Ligand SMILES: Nc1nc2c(ncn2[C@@H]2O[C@H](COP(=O)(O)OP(=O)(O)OP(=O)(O)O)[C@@H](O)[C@H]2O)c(=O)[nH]1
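Next up: just one chain, as structure tokens, the form predicted on its own.
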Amino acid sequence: MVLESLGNALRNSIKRVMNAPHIDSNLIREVCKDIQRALLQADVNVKQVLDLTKRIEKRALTEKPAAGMGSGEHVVHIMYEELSNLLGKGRSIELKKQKILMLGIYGQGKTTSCAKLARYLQKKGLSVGMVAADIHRPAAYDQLKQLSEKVNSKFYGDIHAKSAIDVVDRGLKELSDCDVIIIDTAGRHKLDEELMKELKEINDRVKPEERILVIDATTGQQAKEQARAFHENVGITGVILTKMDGSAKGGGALSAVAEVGAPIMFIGTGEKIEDFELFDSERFISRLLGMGDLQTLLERAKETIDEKEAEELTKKVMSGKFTLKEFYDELKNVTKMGTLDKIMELVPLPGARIDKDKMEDSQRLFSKFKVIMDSMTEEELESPQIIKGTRMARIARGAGVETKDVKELLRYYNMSKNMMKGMKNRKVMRQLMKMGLG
């Protein structure tokens, strides 16, 4: 989960406000102190934290709630607005034919981010090629080549090259038929003149539309120095923050980069290629506060789930058909969208805390259910009521589980079936089924 400890602390503050019988100045000040502690532990700059909480306190004590909004909701809304402003607005990438220069010091996740960005652009309908312009680290060539194969993008590199400029020149010609060319430049263990000189030369030759700096979120407040140095030398157009999943210092990196004025474009939320999100401060803070992010949930569903298959599944369920085959399709759609904890981040749960252990248990359970259903015959999937005695034993044997596991699957299936029958809001059910969450 992204910035889990910070999110939990902020949600506790919201819970305190929403459960209070009366909102007064003492409560506001206590909540602001809670927010201060949470942000300082996430490594956000002290001055930024103090300025932020002063604004929250002043607004909460002087502004009147909008019509129809309770005093508790009003305070939470102020928290949401001020936290969003702290991180800047972010910036999306244009979906057009272009060249992208990826920058950063060594070990920040730059090469992996090239592949993640390539996959993101491919999902938007663009063809992508990648150039291995890091001639100083042989492993960088091998890594980018393997990643290009993984995301099915074109690749150019020369492991024996002596000049990064020559590699880039040849790469641009070889990949000229691609909509987007991503150039993975060399990094260093620290900022130095040699690194900047090479980057300036490549930048002058390529004239890229985007110059994206990749920074490890655990860098914390030092991210400001990196962003400023690269910006002064090559004029960065955006930032990707990696390793945001559970990073204690992630809050510091976010606020530090925003303070420099470098727009954050994407955040990396895990090791997998798909763990990569367009950054939007309002959506990000909404998730941290437990307000969810249904827009991202819908976008993710649209990207990962076949629309025709989802529509067919919806029609079957709406007509009253819900066999184990439909149940299997639901589980398949959910797992396509990512792990349960990442999905649940997007669901509005104000003040609630998601039990990570339970989420992981559910994830393992879903995987086991799919294996069990793979051991069933077509007749058993269509008519689950016939699964008894010897059939149950055979299915368990084929799936490498115990009969109690098969019984547990059938219990979950029957619960889901009853829920479908009892769902009164058919529009809601239709939307949930399209996302594979019904």
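Residue positions are given as counts along the sequence shown, with the first one as 1. Since the model is a prediction, treat every value here as computed from it, not as a measurement.
This next part talks about the form predicted together with the named molecule, which is not shown.
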ask   = Does Y106 reach the named molecule in the predicted bound form, with heavy atoms at most 4.5 Å apart?
value = yes
Partner contact for D245 in the predicted bound form: the named molecule, 4.5 angstroms, heavy atom = yes
ask   = Can any non-hydrogen atom of R287 be found within 4.5 angstroms of the named molecule in the predicted bound form?
value = no
query = G270: heavy atom within 4.5 Å of the named molecule in the predicted bound form?
reply = yes
query = Taking the named molecule in the predicted bound form as the reference, which of R211, K224, K116, K249 has a non-hydrogen atom within 4.5 Å?
reply = K116
key: Answer option from S148, S255, T219, T112, heavy atom within 4.5 Å of the named molecule in the predicted bound form   = T112
query = Just one of 129 to 137, 77 to 85, 194 to 202, 278 to 286 has heavy atoms within 4.5 Å of the named molecule in the predicted bound form; which?
reply = 129 to 137
remark   = Contact check, 142 to 156 vs the named molecule in the predicted bound form, heavy atom within 4.5 Å, ordered by sequence, gives Q143
